[in-house]
Ligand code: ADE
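One chain comes next, on its own, written as structure tokens: the form predicted alone.
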Amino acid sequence: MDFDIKDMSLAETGKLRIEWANQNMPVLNLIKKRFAKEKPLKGVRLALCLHVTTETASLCKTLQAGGADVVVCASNPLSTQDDVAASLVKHDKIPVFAIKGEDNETYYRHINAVLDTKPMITMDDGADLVSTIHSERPNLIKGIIGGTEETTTGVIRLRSMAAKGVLKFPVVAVNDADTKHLFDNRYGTGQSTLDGMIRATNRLLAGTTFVVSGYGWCGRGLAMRAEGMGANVIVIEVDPLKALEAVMDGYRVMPIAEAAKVGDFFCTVTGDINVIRGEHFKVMKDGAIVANSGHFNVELDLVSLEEMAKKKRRIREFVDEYTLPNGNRVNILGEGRLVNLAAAEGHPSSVMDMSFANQALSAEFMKTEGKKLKKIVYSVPEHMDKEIARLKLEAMGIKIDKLTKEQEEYLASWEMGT
């Protein structure tokens, strides 16, 4: 079995950490139990380009239980947990190509190593597998049933491809599932981003000004959690509806050019490029802390910062200090990459439980329905989304009401008015 990981001796530690995460993933465990019995993915070569974390390991084991031949690479150079990678290789015989801190050349070599297995279904976090297939490995397309996509950023890229008529196979947008973005993006990103920023800096948030760039579901969660820890939150937006919502939620809203002058902490969660640019770094306070929790590090214009800085040093693990010509220091966390995975452990397992339940069921859906689908981006079927929510509530010991027959008839009728 071919693989490329950092250190096989880390496997025992990884196994214990995977077990710990799996204890809080009841929905995925129920799916795994069914998969083991029914083998719905038997004979499917499944390529995963995801963050190699303990939660991802539980997904890999679920897909494997369903009969799939699973191979994994990282979706971010800094997000791999090396002990998890080692455990998957040693204990589960799953080929992994991922090393925390790998350079760009190694990152893409690993992606191509996964693609060398000629996958039938792709599972992406940022659409790197799909984009590499379309741009460099088109010979693989004829053997691909379809794919799934985990993130907002990836879905944006895939919808662009579909709109331009260049997407060559169907993809399920897992991120669009309510049981994904309403929970993973909001509560997962909100908590894990602050976890990463605090682990990296050991700074107090209470009483500081925290600038959130982007008020999608990730931004909402981050703003909510930063406020909960005592920060004064400013929101940056370009969408008038989201900006208005942020105002109604009690936050200050202003352009980044103004916020740059007053912020103590900054975090981008937009999915776009150069959100914080050179002119913004130039006016920041001495000691400003800047992070990104969007998928790609392009949200921060680090090229401009490198050019204008007169000195750079690694002052602390995951903290690069740039000294500007005016003497002010700007601190970049995790090299501008996903701070929750670069400096912490990513989302808690309880929210990834639902996200990866969507991934597992979407892979099953693609296996059974993929050949009938158009070459576009599909949402997760509503019945799957609701079933995941039902299973999660059941696992939490929470019961809800059901409509009476009278209520169902009323909702289905139009005759009865005031």
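From a predicted model like this one, the values you see are computed outputs, not experimental measurements. The first residue of the shown sequence is 1; numbering continues from there.
We do not show the form predicted in complex with the named molecule, though everything after this point is about it.
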Residue stretch of 36-44, 360-368, 53-61, 380-388 approaching the named molecule in the predicted bound form, non-hydrogen atom distance within 4.5 Å: 53-61
Residue (of L341, I234, A127, A246) lying close to the named molecule in the predicted bound form, criterion heavy atoms within 4.5 Å: L341
Candidate from R337, H280, H347, R220 lying within 4.5 Å of the named molecule in the predicted bound form - any heavy atom: H347
M352 within 4.5 Å of the named molecule in the predicted bound form, heavy atoms: yes
